[in-house]
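Encoded as structure tokens, the following chain is the form predicted on its own, with no partner shown.
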């Protein structure tokens, strides 16, 4: 479904992504793991197209130049120069780092905002699914997003992304700042989304250990470069991965 070849992103003279090549297969969960500064968020911004909006803003403000090179193929077509709004229409939906919900809007309003591209029937069906996936949100549907806990906000962010009818769901650091119990609930929800709906998922995460059991394939990034790839078992058995991400 998603194929990236020789992707490079420069912020002025700083190399954020260095010759990144990988595949995200349809119907699977793919993981990208790395520490802070490894390039995970830049990768997600580049796949979703948000990097193009950032580039435009930097040009208008006279800030740093951003250069993007390489290929991003989605559904067999190169989309590297396509606007983020068009990528969303094609089914690439980003659930960003730090949730970024609308704090003054209610839970229900946040979800409805996410469904702006859906038909009425699709929105109704997906809303019912989100409430079945995250029952807590149904009980909190009138509460403003800013008054939700961190875990509830992350559930809302994922639910809002689902409302956009994704074919490829991008999850950027979904476990950040959450307790192990909430992390476990979210991981099971991600697994269920993939199994029940068939949505392809790409998850970028620093906390690799809880994610390994649900991925089909994974990549390890360091300093903007993919340094390792393999199945969950292959990565788990790798001494470098054990030392860096599993505390072994």
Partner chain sequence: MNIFIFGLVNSVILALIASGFALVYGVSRLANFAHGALYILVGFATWLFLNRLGINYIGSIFLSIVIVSIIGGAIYRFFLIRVKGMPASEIIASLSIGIAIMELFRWRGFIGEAYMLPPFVTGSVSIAGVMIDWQRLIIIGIGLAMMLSLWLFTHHTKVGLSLRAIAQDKRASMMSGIDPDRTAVIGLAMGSALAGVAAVVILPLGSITVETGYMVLTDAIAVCIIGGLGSWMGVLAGAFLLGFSQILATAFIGPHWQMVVVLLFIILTLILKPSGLLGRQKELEERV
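Numbering follows the first chain given and starts at 1. These numbers were taken from a predicted model, which means no experiment stands behind them.
What comes next is about the form predicted in complex with the partner chain, which is not displayed.
### 80, 136, 118, 176 - the one with a heavy atom within 4.5 Å of the partner chain in the predicted bound form
The residue from 80, 136, 118, 176 that makes the contact is 118.
#### Entry: Complete contact of 56, 60 and 103 with the partner chain in the predicted bound form (any heavy atom, 4.5 Å)
Spot residues vs the partner chain: full contact, yes.
### Query
Okay, which stretch from 81 to 89, 148 to 156, 68 to 76, 124 to 132 lines the partner chain in the predicted bound form, with non-hydrogen atoms inside 4.5 Å?
The contacting stretch is 81 to 89.
### Query
Taking the shortest heavy atom distance, is residue 171 within 4.5 Å of the partner chain in the predicted bound form?
Answer no; every heavy atom of residue 171 is more than 4.5 Å from the partner chain in the predicted bound form.
### Message
Would you classify residue 93 as touching the partner chain in the predicted bound form, given a 4.5 Å non-hydrogen atom cut-off?
### Response
Yes, residue 93 sits close enough to the partner chain in the predicted bound form that at least one of its heavy atoms falls within 4.5 Å.
### Message
Taking any heavy atom pair closer than or equal to 4.5 Å as contact, tell me whether residue 50 reaches the partner chain in the predicted bound form.
### Response
Judged by the heavy-atom cut-off of 4.5 Å, residue 50 is in contact with the partner chain in the predicted bound form.
### Message
Considering non-hydrogen atoms and a 4.5 Å limit, does the partner chain approach residue 167 in the predicted bound form?
### Response
Contact check for residue 167: no, nothing within 4.5 Å of the partner chain in the predicted bound form.
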